[in-house]
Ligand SMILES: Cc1cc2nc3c(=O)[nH]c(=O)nc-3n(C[C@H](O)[C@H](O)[C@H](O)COP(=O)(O)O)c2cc1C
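First, one chain by itself in structure tokens, the form predicted alone.
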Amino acid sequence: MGWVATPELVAATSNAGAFGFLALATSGPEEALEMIEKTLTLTNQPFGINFHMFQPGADQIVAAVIKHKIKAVSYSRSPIAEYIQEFKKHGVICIPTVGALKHALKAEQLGADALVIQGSEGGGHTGSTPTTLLLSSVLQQVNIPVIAAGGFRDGAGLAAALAWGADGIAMGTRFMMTQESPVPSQTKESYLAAGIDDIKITKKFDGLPHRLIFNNYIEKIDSSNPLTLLWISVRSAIKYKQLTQSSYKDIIKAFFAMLKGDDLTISQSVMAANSPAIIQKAMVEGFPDEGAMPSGQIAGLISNLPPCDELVKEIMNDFNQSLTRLEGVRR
């Protein structure tokens, strides 16, 4: 949700009664601090932040979270135990996102207070296990609350997740497709036009399984040879450096953190630089045919762009109707 979960969208989400997470993984340290402060001016409701613990300026983000008493943090790749313990010492709830059982167990071991488990239906980086199966396997082996993600868009899905044993659901694509989402209108139209079969997983984009809308650009990357991918990645790494105002030292440090923490090969870690700049082309600059559009498969079933408050009300109405139906089944 980088460049998507902005202060405006997060505030609208939290004001509507859900719990928004501010996406800081694609921000430089100064911008990240500004985004936290701006969100605080737009809502008096609790919200969280999402970031990479290895990103440039992570120390400053950790300090800002504690200073401003941000309610929760979300993270995924390459967690740092010292940061987690610092958060816990100050009462910040740690809710990492994981896509595999082994990562769920490791996250609990490191001190997670709850987990978001994302099944293969989810957008962006995702695992290979469907949400229902991943949820079931994780629930059998962890002792902390579990939130389900990947394939949810409405209250019926919320009711189903609770019936499966989850404590709630997380939705990215559904809130990206709202009025308050900063995604340009032409890119939103591409999401509305996508079918379920157009939203597939590739490892060619950044070295990890990544679910995207397969436009012509992604089709080309998916069929590219390693040399072409390396050239694309180097160019994108330079742009990423400019976007985040990072030094070459910061970039090299992040590279080795990914190499160590994600079990990536050297070539995959280089390819990971491919992601932010190309995603920005579609999600910020508004050229969906020339960039990447991370997406959950659920986008293939979404046909409208409601305001956040209307969406949350609709979800809860659907949820209550689902409960009524279930009560009828019990009788």
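Since we're looking at a predicted model, the values are computed, not measured. Numbers follow the displayed sequence, beginning with 1.
Same protein, other form: the form predicted together with this ligand, not shown, and the subject of what follows.
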Fill in the blank from the handout: Contact with this ligand in the predicted complex, heavy atom within 4.5 Å, among 27, 275, 55, 50 goes to 50
Exercise for the section: Using heavy atoms and a 4.5 Å cut-off, decide whether 20, 155 and 318 all contact this ligand in the predicted complex. Expected result: no
Exercise for the section: Considering this ligand in the predicted complex, find the one stretch among 107-115, 121-129, 79-87, 139-147 with heavy atoms no farther than 4.5 Å from it. Expected result: 121-129
Practice task
Give a yes or no for residue 176: in the predicted complex, does one of its heavy atoms lie within 4.5 Å of a heavy atom belonging to this ligand?
Solution key: yes
Practice task
Would you check, heavy atoms only and a 4.5 Å threshold, whether residue 171 touches this ligand in the predicted complex?
Solution key: yes
Practice task
Please run the contact check for residue 283 against this ligand in the predicted complex: heavy atoms, 4.5 angstroms, yes or no?
Solution key: yes
Problem - Partner contact for residue 298 in the predicted complex: this ligand, 4.5 angstroms, heavy atom - result: yes
